[in-house]
Ligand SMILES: NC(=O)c1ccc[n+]([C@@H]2O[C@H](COP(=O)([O-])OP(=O)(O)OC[C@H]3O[C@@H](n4cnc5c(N)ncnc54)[C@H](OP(=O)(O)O)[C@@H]3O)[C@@H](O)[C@H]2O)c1
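Below you will find one chain, with nothing else, as structure tokens; this is the form predicted alone, and questions on how it binds or moves follow later.
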Amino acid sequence: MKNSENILVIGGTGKTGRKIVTLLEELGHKVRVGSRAAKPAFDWHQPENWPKALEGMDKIYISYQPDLAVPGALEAIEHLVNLAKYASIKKVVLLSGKGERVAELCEQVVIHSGLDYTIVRASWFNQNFSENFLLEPILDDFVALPQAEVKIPFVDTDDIALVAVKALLEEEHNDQIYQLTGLRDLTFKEAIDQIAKASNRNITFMPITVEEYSEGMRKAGLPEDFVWLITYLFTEVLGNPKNSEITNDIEKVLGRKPKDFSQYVQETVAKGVWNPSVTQFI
């Protein structure tokens, strides 16, 4: 194995980050988890502590929370990249969103930083159905979503993590932009139907407008910044025709095809995530 490297994984407890941490540690690298609970802590709202997290690191993986499109993200990425240069960081891998025009401004900061970089643009995660805002409606057997007819090439976070690790460790991925998608496009209804069939559940899907969905989130008491973000993703991202394009970048990097949505569904069913009596203990 090549020499062990010191790698900071910002968002190291999140959907992609925790998998990247595990993969890097299995390969013998020294990983620092970038999270509020870690020591030294990394909190996007406390930039005064970022230098401590960067100290002694060779490379960094950046997953910005909640999304690169939110107000303040661009300024945060600019500041972090400047600190990374000062800390002699050699490589930055940035997780971005496929079809997110606002996020591309953050990408440009990394691209023009003078550091080696890889941009990883991911389509919507499979795991949104099992680890995020779609889990509760699925458990309630009633899913109402806008953009019901849009085709989405959902991508698995296992594949994203593997690509990110390759990008961090192998120079051939320097100065590349990868767009990661699944094997095929699915509508939300088609995805929910697969989940219902595999989990032996009767899940009703109802198409609604973006406005109705946003109002429903507000009535549920969700924070306005979260409502803004989800509304943005449903309009600007899913409304972008480029978001439906399927790429072969996962196969290019990993030498195999992406994990299919049906495989993700089977694996998730086996874990009991969509079984209410099990989920409450997870």
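Since this is a predicted model, take the numbers as computed values, not measurements. The numbering used is simple: start at 1 and walk along the sequence shown.
Beyond the structure shown, there is the form predicted in complex with the named molecule, which is absent from this document and is the topic of what follows.
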ask   = Hey, of 128 to 136, 79 to 87, 192 to 200, 161 to 169, which bit sits against the named molecule in the predicted complex at 4.5 Å between non-hydrogen atoms?
value = 128 to 136
key: Exercise: Lys15 in contact with the named molecule in the predicted complex, heavy atom 4.5 Å   = yes
ask   = Is the gap between Pro153 and the named molecule in the predicted complex 4.5 Å or less for some heavy atom pair?
value = no
inquiry  = Please determine whether Leu95 contacts the named molecule in the predicted complex, using a 4.5 Å cut-off between heavy atoms.
reply    = yes
ask   = Using heavy atoms and a 4.5 Å limit, would one call Ser63 a contact residue for the named molecule in the predicted complex?
value = yes
query = Here the chain is shown alone; which of Val143, Leu186, Ala122, Val110 has a heavy atom within 4.5 Å of the named molecule in the predicted complex?
reply = Ala122
query = Exactly one of Glu236, Asp58, Glu245, Asp43 has a non-hydrogen atom within 4.5 Å of the named molecule in the predicted complex; which residue is it?
reply = Asp43
